[in-house]
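Single chain ahead, written as structure tokens, the form predicted alone.
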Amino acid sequence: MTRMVDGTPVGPEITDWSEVLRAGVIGVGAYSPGVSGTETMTRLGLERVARLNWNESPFGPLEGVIEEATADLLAGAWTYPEGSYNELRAALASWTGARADQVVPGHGIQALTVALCTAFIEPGDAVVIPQPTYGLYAQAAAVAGATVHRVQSDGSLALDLERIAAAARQHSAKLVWICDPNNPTGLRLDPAGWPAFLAALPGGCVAIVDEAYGDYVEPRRRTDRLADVEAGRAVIVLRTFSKIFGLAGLRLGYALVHSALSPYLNAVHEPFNVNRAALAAGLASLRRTDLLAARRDQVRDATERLTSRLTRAGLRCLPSNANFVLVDLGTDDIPVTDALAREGLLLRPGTELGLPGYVRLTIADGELMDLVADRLVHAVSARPIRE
């Protein structure tokens, strides 16, 4: 019988959306980055906060980028940015040593992660992901219908490539996700172990490597994964302008892939998904890569300033190769992060990252790091020691 509303026939009513959604979507939930600065200011009645919980760069974009990127931006706002895509690909190819047809831009690594899951995962495929690491990999894979297998790190929290490869072989994995340096630990992989890891993966398994924080590592110390891409090995590299380039709000990332794979990723990637502002800022940033060494030094010096104070106070800091530090508090993390939030200092509680008793905090200027260290030590001293 046709359902009528005010005498007008209408279509069937859906009372339970879970009955029509794909099974992989049910029960996964949205990705949560943690509490926002705006939410905290509203809840606690604060006028400002220091956002040290989302790994943004408090140092901002490289000098001159905003001015150059906005100069002619609005004049072309009515057109699609297809030409700028080509410019960005060419500029990235020149900087990275890749070819332009190996560069796939996207509006952040998150969008590229979803596109890769769409391109590779069939329902029931196995995906291996270490723990702890960035949470979106498992969420996006599960939504795509994959069976996610986690490989827990040991007490050092370092990624165990041998165990990850063994799990990939055991489950005949389609994808393996690696974050290097890893989020939330800041630890990086030893380049010497990388070739053996690739050789130990099963046939048909693709290693997707998120190098969002790789620019904080000196170039001579990095693993050369572009060589893997060039050689046709099953490796995909993800990079971003959000971190050392300071463009997190513009959402710009890119994948480095074999040229034969690019057309397939572009087929599942939504067209023109990177806006003109992001493309302009990305191009302006790539004209200033000579400033990156100073930015690395700035972050390294502030990191040492923070960790030396925390270490002297008895707190354990993991050696970080990124723009954040993971700290073992030796006590419950939630009361500590709540106490600092009331003072306008936002840190990421380890409980949200599967690491209770830890906090992760973004590196900022030295004076702010001194303040955070003092307030963190004070808050921890007021808490009982974790047994």
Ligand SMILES: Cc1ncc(COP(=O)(O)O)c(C=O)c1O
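Numbers for residues come from their place in the sequence shown, where the first is 1. This one's a predicted model, so the numbers in the text were calculated from it and none came from an experiment.
Beyond the structure shown, there is the form predicted in complex with the ligand, which is absent from this document and is the topic of what follows.
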Per contact check vs the ligand in the model of the complex (non-hydrogen atom within 4.5 angstroms), the hit among 286 to 294, 241 to 249, 265 to 273, 138 to 146 is 241 to 249
Q.
So in the model of the complex, is the ligand close enough to residue 216 to count as touching (4.5 Å, heavy atoms)?
A. no
Report whether the minimum heavy atom distance between residue 110 and the ligand in the model of the complex is within 4.5 Å.
yes
Check your understanding: According to a 4.5 angstroms non-hydrogen atom cut-off, is residue 307 in contact with the ligand in the model of the complex?
Key -> no
Would residue 179 sit within 4.5 Å of the ligand in the model of the complex, counting heavy atoms only? yes
The listed residue (159, 299, 212, 207) that reaches within 4.5 Å of the ligand in the model of the complex by any heavy atom is 212
Only hit among 197, 120, 85, 134 for heavy atom within 4.5 Å of the ligand in the model of the complex is 134
